[in-house]
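The form predicted on its own is given below as one chain in structure tokens.
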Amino acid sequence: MRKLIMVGMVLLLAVFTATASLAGGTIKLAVMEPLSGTFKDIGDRYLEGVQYAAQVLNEQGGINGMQVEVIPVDSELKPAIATRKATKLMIKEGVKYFCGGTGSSVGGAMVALTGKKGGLFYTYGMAAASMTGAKCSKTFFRACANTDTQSYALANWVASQGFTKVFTVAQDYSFGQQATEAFIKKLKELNPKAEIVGKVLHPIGTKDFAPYVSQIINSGAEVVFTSNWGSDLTLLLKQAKPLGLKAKFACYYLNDENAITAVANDEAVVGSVAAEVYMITIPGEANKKFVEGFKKAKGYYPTWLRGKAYLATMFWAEAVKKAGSAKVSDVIKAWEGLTYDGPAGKWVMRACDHQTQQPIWIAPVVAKSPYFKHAYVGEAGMVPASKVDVPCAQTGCKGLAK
């Protein structure tokens, strides 16, 4: 009798184990962000977006029955530290999936690591065009704009407004340089009569923008393009108005409420525009539902970084769902060519370079907002993906096409 009981228990255990296996267990996702130091605020907001995506997915039963476990990792914005921590996770915890949005240098190191170790890395914020260009990789996917597409969107807006005297200001490193080059190239294509009346590349962390503002004023510029972020954006805007600059700004990141509050002068930002793949002011029921759900769950809005990280993670989840397994090679195949129709419109993952083809949203900063007591971006208008597309043959990516 005891023997029969033991056999029965073994069979029950086997059934339970098989059922748990079919249910999928857990899929681990490591978020590589600066969670300490100067850029902690950026990393924290990106992480919040990924965590909310995991929360939504798990409440819906997970991905193919697998619960998503988010593992925060402080990259310290240092490639060597990021890859050391990631390697440890791969060896000790079997982590295969990684994401991040801050620091293309960190991203490059993570792509090299996942390529060697059999993992996958996706980004919702690393914008260097080369990551899906000359440095493209089978194990890397970009679910956000790059310097080409975002600059092209702003060039479309500047051309559509009929501005002919344009000044450019950017930080003097690869990101700022590539953003400026792409903007000028596209603007010249769209409006050959447009004149670049001045071009400034300044050191990161500039404290005094007065000399540059004087150059802009003296140039007679009607609009100023800038890809600046962080204090270099807020100080530029903050110092421009008191010095008498009347030209408006066409910005990469002015839909960041923290940047607007840091300027501390609504008059200095009203009328300027922001361009991004996600804004809480995108019209439509899908985005309204997302914003309301996030606000109810977290107590604050999924502005800028949070929204981008959420959408990219949901896109990744769609690839895992389509693959039917958590095997990296299966997910790579499933993600290539996949369409995700979400709060920010239809996104398609291009197979030839793993760059998402997506619309860019542009919105002017208005004095009154239903979301904040200060000025913020108004309703966003769409620049279709077709208008910011860079053909794969022109990106420099080789080896991914079937």
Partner chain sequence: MSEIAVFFLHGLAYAGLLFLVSSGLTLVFGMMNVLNFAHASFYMLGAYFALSLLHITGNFWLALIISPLLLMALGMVIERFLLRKVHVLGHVHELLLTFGIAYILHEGVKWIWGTSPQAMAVTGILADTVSLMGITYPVYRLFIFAVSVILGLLMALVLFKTRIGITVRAAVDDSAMVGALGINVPRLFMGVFAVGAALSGLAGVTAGPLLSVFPGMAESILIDAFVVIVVGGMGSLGGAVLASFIIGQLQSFGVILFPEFSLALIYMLMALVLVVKPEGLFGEKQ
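Residue numbers count along the first chain shown, from 1. All values derive from a computational prediction rather than experimental measurement.
Below, we refer to the form predicted together with the partner chain, which is not included among the displayed structures.
- In the predicted complex, residue 37 approaches the partner chain with a heavy atom inside 4.5 Å.
- In the predicted complex, the partner chain sits beyond 4.5 Å of every heavy atom of residue 115.
- Using a 4.5 Å cutoff between non-hydrogen atoms, residue 235 counts as a contact of the partner chain in the predicted complex.
- Heavy atoms of residue 41 reach within 4.5 Å of the partner chain in the predicted complex, making it an interface residue.
- In plain terms, the part of the chain that comes close to the partner chain in the predicted complex, with a heavy atom within 4.5 Å, is 203-211 out of 203-211, 185-193, 304-312, 95-103.
- No residue of the trio 58, 72 and 83 has any heavy atom within 4.5 Å of the partner chain in the predicted complex.
- Of the residues given (283, 242, 293, 271), 242 alone sits with a heavy atom within 4.5 Å of the partner chain in the predicted complex.
- A single residue from the set 297, 134, 262, 91 has any heavy atom within 4.5 angstroms of the partner chain in the predicted complex; that residue is 262.
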